[in-house]
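Both blocks below hold the same protein chain, though in two forms, and each is given as C-alpha cells: structure 1 and structure 2.
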Structure 1
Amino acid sequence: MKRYSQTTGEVGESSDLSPWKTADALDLVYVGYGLLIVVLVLVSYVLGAFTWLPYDPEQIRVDLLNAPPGSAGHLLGTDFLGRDILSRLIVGIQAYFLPGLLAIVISLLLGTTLGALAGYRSGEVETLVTYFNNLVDSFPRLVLILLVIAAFKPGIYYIMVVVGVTGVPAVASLIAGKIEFLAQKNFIEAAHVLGLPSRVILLKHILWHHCMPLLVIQATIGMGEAILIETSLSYLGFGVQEPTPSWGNMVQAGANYFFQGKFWPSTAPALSILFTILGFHLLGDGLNGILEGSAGK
C-alpha cells in the first residue's frame, strides 16, 4: 500500500542515497520474521487441509462453554459453543486463502495492466488511468463494501472483489512510478537501442525484473488487508458465516464475553491477526529494503 501520488518510484532510490539508511541486518530480521509467519500460515493450511488438528473444529460441547485455556485438554480454551479455539485458529486461516487470493489476483492483474499502460504510454492513456485511480480512491473501502452488500448480498467473494478492485490504484501507481523511474534512467531507451521489441522490454525487463519484488510485496499486503477487512465485517455481521471459522468471526464472537472478563476467546484470534499482519508488513518492508536497494543501482 505504498503509494503517494507518483513519488513511489523513488522510494528505493532515496533509501540508497540517504545517509541514514537503516541497517540491512534489520531488513533481514524483518524478512526472517515475515517468512516465519508465512511458513506458519502454510503449515496451518496443510494441517487444516489434512485435518490434523487437536479437535474437530466444529465439535460442540454444550457443557464446556468459554472454557479457559488449558482446561480439559483445550490448549487455548473453548469458544461460546464449547469448540476448541486452537483447532479453529488453525482452520480459520483457510477462510482467507481463496478469497484473499481472488482479491490479490484482481488487484495485481488489473493494477499491473493499468500501471504498465500509464507508465509506458503517457498522454491520454495515462490520464484515463489516473482518472480511474482517482475514482476508485474516492470511495472509502468499507462504505463501498456496505453498498455492495446492500445491493447484492453478504458473501466473502463479493467483498473480496471490492477489496481487489480498490487495491488496483495502489498497484497501478507503483508500476507506473517504477516504469517512469526506469525511463528517467534511460533504461528503456537503452533497451530500444539494443533492438528489443517493446513487448519484450515491458514484460521481461520491466515487469519481470524490476516490478516483481513490488508485486510480491503487494501480494502479502493484500493478504493482510483481506484478513483485516473480513474482521471488521465480521463485527458488523457481514463476514464469513458460522460454522465456518475465520479469525474475524472468532474475534467477534469472543468479544461478546469480553466485558465479563472472559478474554481468551477473542484475544487468541486477535493476536493471531496481529502477528500475521505484522509479519506481512515487515516482510514487505524488509523485501523492499533488500530488493529495491539492489534493483535501483
Structure 2
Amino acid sequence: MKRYSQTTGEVGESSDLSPWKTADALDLVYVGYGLLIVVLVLVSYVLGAFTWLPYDPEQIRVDLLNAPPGSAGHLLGTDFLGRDILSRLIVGIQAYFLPGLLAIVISLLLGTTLGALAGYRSGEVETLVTYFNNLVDSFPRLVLILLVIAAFKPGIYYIMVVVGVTGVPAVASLIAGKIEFLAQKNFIEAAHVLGLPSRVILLKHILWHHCMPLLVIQATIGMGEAILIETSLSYLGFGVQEPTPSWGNMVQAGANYFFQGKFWPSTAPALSILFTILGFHLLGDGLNGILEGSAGK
C-alpha cells in the first residue's frame, strides 16, 4: 500500500511497506549471505580471542606433517609443520579484524567530516576538501602502503591507518554529493525557516536519517578491502609474520606444497579469503539495492 503526500507544492510518495518486504529476492540473498559471513567472523574472532580452539594453533606435530583433512581429528588437515589448519584459520581472523575496524573508523569519520564540510559549506572550504581528496587519490593505494612499509617498517595497525586515510576521498565524495542533493529538498528549507540550528539539521536530519545507510554500506565494503590488503601484504611477507597465523601467510606457506598434491594447506585459507571478502561485498551490494530501491519507490 502506498500513500501520497503533498508538502509545500511538492508531491512525495512513500510506502507503508518495509523496504525488506518489497526488496528484490536476489538482494535478500546477498544480504543473508553477507550477514552469515559477518556472524562467522565475529564468532571465530571470539573463539580465537578466548583460545577456545580445537587445537593449539602453534603446536607442531612431526608425525602429522601436511596431513590431509580428517586425519587424527584435524577437520581441515595440518600444515607443513603439523599445525592444525582450522585452529590457525580461526586465530588468523585477529590479523585483520581489529586493524580493519580501525581503517573503517578512520575513513568514515574523516570522510564524513570532510564531506559534510564540502557539501554544507561551499566556497573555500569545499575547494580545500577537494584539493585534499585529489591529493590522496593521486597516489595508488598499494604503492603508497609499500612506500610507508619500506620507509618506516610499521606494524599492521599503522598500515591500516594509511588504508583508512586513503579511503577518505571516496567517503567524502559520497557524503558531499548526498548533502548537496538533500540541500535542495523542501524539508531542509523548512528546517531553516523554523530556526533549527545548522548542526542539528546537518547531524540529525541529513547525516543520521539520510546518510547512515550509505555509511553502513561503505563500512562493509571497507572491511572487504581491509581483508584483501592485509592478506596480500602477509602473502608478500610485509604483513603478519610467522609463526603468528594470517590467512595471507598461510596461503604463501602452503603454496610451496601445492604441486606436490598437498593442496589443502593453501586452498583452505585461500577459500576463506574469497568467501569472506565476497560476503562483505555482497552485503554492501544487497543493502545498496534494498535501500536505493525503497528510496525510489
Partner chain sequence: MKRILIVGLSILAIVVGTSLMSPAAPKNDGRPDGGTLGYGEYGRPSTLDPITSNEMISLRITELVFNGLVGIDEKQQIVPELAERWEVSKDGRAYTFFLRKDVTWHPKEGEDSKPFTADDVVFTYNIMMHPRTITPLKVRYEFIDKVEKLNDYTVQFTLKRPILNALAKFSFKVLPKHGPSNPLYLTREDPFVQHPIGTGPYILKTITTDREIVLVANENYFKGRPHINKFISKPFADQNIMTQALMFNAIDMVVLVNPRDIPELQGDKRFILQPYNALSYGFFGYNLRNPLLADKRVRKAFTYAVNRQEMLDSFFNGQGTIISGPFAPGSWAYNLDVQPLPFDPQKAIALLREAGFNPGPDGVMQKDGKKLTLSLKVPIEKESEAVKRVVLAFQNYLKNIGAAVKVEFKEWQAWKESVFLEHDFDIVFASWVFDDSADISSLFHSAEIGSWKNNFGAYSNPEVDGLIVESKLTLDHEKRRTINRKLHAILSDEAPYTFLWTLTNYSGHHKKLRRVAIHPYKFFSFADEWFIPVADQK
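So that the term is clear: the rigid core is the largest set of C-alpha atoms that superpose within 1.5 Å between two forms. From a predicted model like this one, the values you see are computed outputs, not experimental measurements. Please note that residue numbering is based on structure 1, beginning with 1 at the start of its sequence.
By the stated condition, namely the form predicted on its own, the second structure is the one that fits. A displacement of 2 angstroms or greater separates the C-alpha positions of L64 between structure 1 and structure 2, with the rigid core held in common.
F132 shows a C-alpha shift below 2 Å between structure 1 and structure 2 [criterion: core-superposed Cα displacement of 2 Å].
In the core-superposed comparison between structure 1 and structure 2, Q184 has its Cα shifted by at least 2 Å.
On rigid-core superposition between structure 1 and structure 2, the C-alpha of Q260 is found to move 2.8 angstrom.
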